[in-house]
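Listed next as structure tokens is one chain, alone, in the form predicted alone.
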């Protein structure tokens, strides 16, 4: 049975943090995790199962007691909903040059993916320039970029089979079996109550003629359904039920404009159920993090891309593959979900400071206006940008293009993510400089439509802030 604790490393060298895990994921508690991977257990923060993380709020960073999902209510529920965007004209005519460029890009990618040994540096360059839609090329490329597939093609089948079998086993143990949230503890306690009940009946039969007070069988505090203690099996069960309901609500709101996710067809229900399985399994394996509202948005692009793979076998196993890659993707930003690490060098406050420093290094005029004139600090708008990997700021297809660039960055997802966030500020500089607090906050919380290729070019051309943000190990 899997362990009941999640161990998260304290700050480690940059190089070690940028590499994606070479197994199912270090976020999976007790799953191939070794303390020596981080130099022993003395530098580890251990979170007990069921321990909840307080809510992160911009205004003084006050926690929200009502958030039972465990981490931070980093986006208000109204913001989680997909905001309607202005109607757009249909796609304009595609020039011959664009068609040729797309064909060349597809040919380069197909050739690279057909080689016995994949050149990851070249694949990163291709991805950064944009992966072609269709044909399953993006799905294979993302699996390679996330480290889910090894560079050697002859190892793909073995790795995929092993990881899919591991997922099936975890799903069988934690989701498909009748054992509830506590993985057997509640069932054993219920069995104990049944035993006591049987003993009571036996006692009554043996002493039916004996006068005297009725015997009251004691129930421990942990067994009482009204117990609020964290150790109570009932308390954990009720928390789990609330979390399931929250996931269901969030999945109903996931990209309601796409039939793949929304609606009551058997196709959309199947997709939502698969995503629900992934999020529940992640929460069960990570009791200190559990499910955080918005994780469904981060999972959606991965599951969509893998499910639409033209390789039928890969499409059928999209749920298992998506789980592994979802864990790997979150491993690069897990510290943002831990309030205990907010003030550390790897916490969300440090990341927001790095974004501010990056803006200052590239446009001090805009930085000063936001920081001192309009007083629109990064925590008021960039918290959602960073934690949700920009999935709430753009339409679905542009999100896939941005993620190509994020995953293709040789310095890691977080490095490119901060560059894109900074570029988003620079691309609306004139409007920000002429706006006050209210206007600028509204603009950045409801980012306008923009040419994505232009945005990514600006991001890639930014100068690093070498004073506080190293781009290389």
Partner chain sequence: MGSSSGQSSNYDLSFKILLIGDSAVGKSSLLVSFISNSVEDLSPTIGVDFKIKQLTVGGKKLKLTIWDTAGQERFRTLTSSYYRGAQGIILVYDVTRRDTFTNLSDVWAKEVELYSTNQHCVKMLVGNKVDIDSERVVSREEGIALAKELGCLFLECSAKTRENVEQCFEELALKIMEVPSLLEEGSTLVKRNILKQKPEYQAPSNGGCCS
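Bear in mind that the values here come from a model prediction, so they are computed numbers and not experimental data. Positions refer to the first chain, counted from 1.
This protein has a second form, the form predicted together with the partner chain, left out of what is shown; the following refers to that one.
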item	value
329, 356 and 360 each touching the partner chain in the predicted bound form (heavy atom, 4.5 Å)	no
Listed residue that, although the partner chain is not shown, lies within 4.5 Å of it in the predicted bound form (heavy atoms), from 350, 307, 392, 277	392
Contact assignment for the partner chain in the predicted bound form, among 140, 271, 322, 296, heavy atom within 4.5 Å	296
Residue contact check: residue 441 to the partner chain in the predicted bound form, 4.5 Å heavy atom	yes
Contact test in the predicted bound form: residue 446 vs the partner chain, heavy atoms, 4.5 Å	yes
Non-hydrogen atom contact residue 373 with the partner chain in the predicted bound form at 4.5 angstroms	yes
Contact test in the predicted bound form: residue 292 vs the partner chain, heavy atoms, 4.5 Å	yes
Contact segment among 373-381, 153-161, 117-125, 396-404, judged by heavy atoms lying within 4.5 Å of the partner chain in the predicted bound form	373-381
